[in-house]
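In the block that follows, a single chain appears as structure tokens, in the form predicted on its own.
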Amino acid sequence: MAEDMPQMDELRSWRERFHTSLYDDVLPFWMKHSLDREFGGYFTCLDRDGSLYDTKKHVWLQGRQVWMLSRIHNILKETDGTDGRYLEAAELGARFIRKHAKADGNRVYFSLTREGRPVFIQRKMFAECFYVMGLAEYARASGDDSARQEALDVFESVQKFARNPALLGRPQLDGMPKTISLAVPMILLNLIQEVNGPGEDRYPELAEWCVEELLKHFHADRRIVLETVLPNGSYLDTPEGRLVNPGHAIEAGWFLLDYACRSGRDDLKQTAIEAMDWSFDFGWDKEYGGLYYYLDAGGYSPLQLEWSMKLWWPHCEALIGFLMAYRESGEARHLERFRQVAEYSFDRFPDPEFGEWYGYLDRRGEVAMRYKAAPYKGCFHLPRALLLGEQVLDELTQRQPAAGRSTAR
């Protein structure tokens, strides 16, 4: 028992760091700078110090922030109590997107003006996904049954979009190979959990379809997770088919691991953990540290010019992923990988002067872009990692049983 004490002390120290970072640094930044109390919703373009550089509002970030603030309210309500400020802030976003973000056919705009007029709609379904995610958690926080029903209604359309992308205005052209994307089954698997109520299992067949589609991207022979594969899961030898996003693959791994824990699928637990291990082995920059953004599985230069940058969100996913992997496996290498990611991240991303984290570093780990909020960075990946990471660290330090535990609920 005594030999475990240094490890337990380390885990408790990380738990305290996650908690303090979340409640004393990250959430205060968003609560101070992002709330638009005049028109509703959240500002999503904030400079380093929180000042506004664009009033445009990106809807998938609105939905993510509604989810985050609602989840924080729900967690505090069950533990330390809450004064309601996070629920009030969540309502600010929920009302705004319910009033302004919906287009015809249960489509959701990608961006709006500050007042809520539509600016742009994507030929993708991710704005819809985070609209659903935000309203589902807000309904749990507020008791608003109409918000829950709206989330379920839009989720029905999301399922159709996932199986038939032509509904999004993306026709299958003659010269275009038919492929499947990692992003679709992984986000749907996560969304199923978000829309299910306590004790519900509303979409068992869809969940199994998501798992089946997700596993097509996991290639044990190459020890790699591919972003794009052919419909049967086979390898596509093009830049798109060779593309690897290590952080995205680790996120897919912990989504699958969480599903496996909730459903008692021990076979999937091992597969999910292996996928995270492969992605770390392939994606960690052994010279400068940190996870590459993109890599080519064939060893070619990726076409994405930002391929070698170190972004905040892949590291956030790795923090969650390897904590979960360690909780389930008990293997020292998973704790070491968590430690490696955590030390890199907390050393380079935080802004000690103005709070929150920078989002984009160059390969050497120097700040490349100073803003704190932009079309793809909002109040989500970092606070989610800190919140879920704290929960797993609590489980580890309290020595609770690992089997069947769910991180995200």
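All residue numbers are counted from 1 along the displayed sequence. Not measured: the values here are computed from a predicted model.
One more form of this protein, predicted together with another copy of the chain, exists but is not displayed; see below.
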property: Contact assignment for another copy of the chain in the predicted complex, among 170, 223, 333, 163, heavy atom within 4.5 Å; result: 170
property: Listed residue that, although another copy of the chain is not shown, lies within 4.5 Å of it in the predicted complex (heavy atoms), from 183, 121, 297, 92; result: 121
property: Interface segment, criterion being heavy atoms within 4.5 Å of another copy of the chain in the predicted complex, picked from 204-212, 183-191, 76-84, 235-243; result: 235-243
property: Partner contact for residue 52 in the predicted complex: another copy of the chain, 4.5 angstroms, heavy atom; result: yes
property: Partner contact for residue 35 in the predicted complex: another copy of the chain, 4.5 angstroms, heavy atom; result: no
property: Partner contact for residue 366 in the predicted complex: another copy of the chain, 4.5 angstroms, heavy atom; result: yes
property: Partner proximity in the predicted complex: residue 309 to another copy of the chain, non-hydrogen atom cutoff 4.5 Å; result: yes
property: Whether 47, 113 and 370 all lie within 4.5 angstroms of another copy of the chain in the predicted complex by heavy atom; result: yes
property: Stretch 279-303 - residues with a heavy atom within 4.5 Å of another copy of the chain in the predicted complex; result: 293, 299, 300, 301, 302, 303
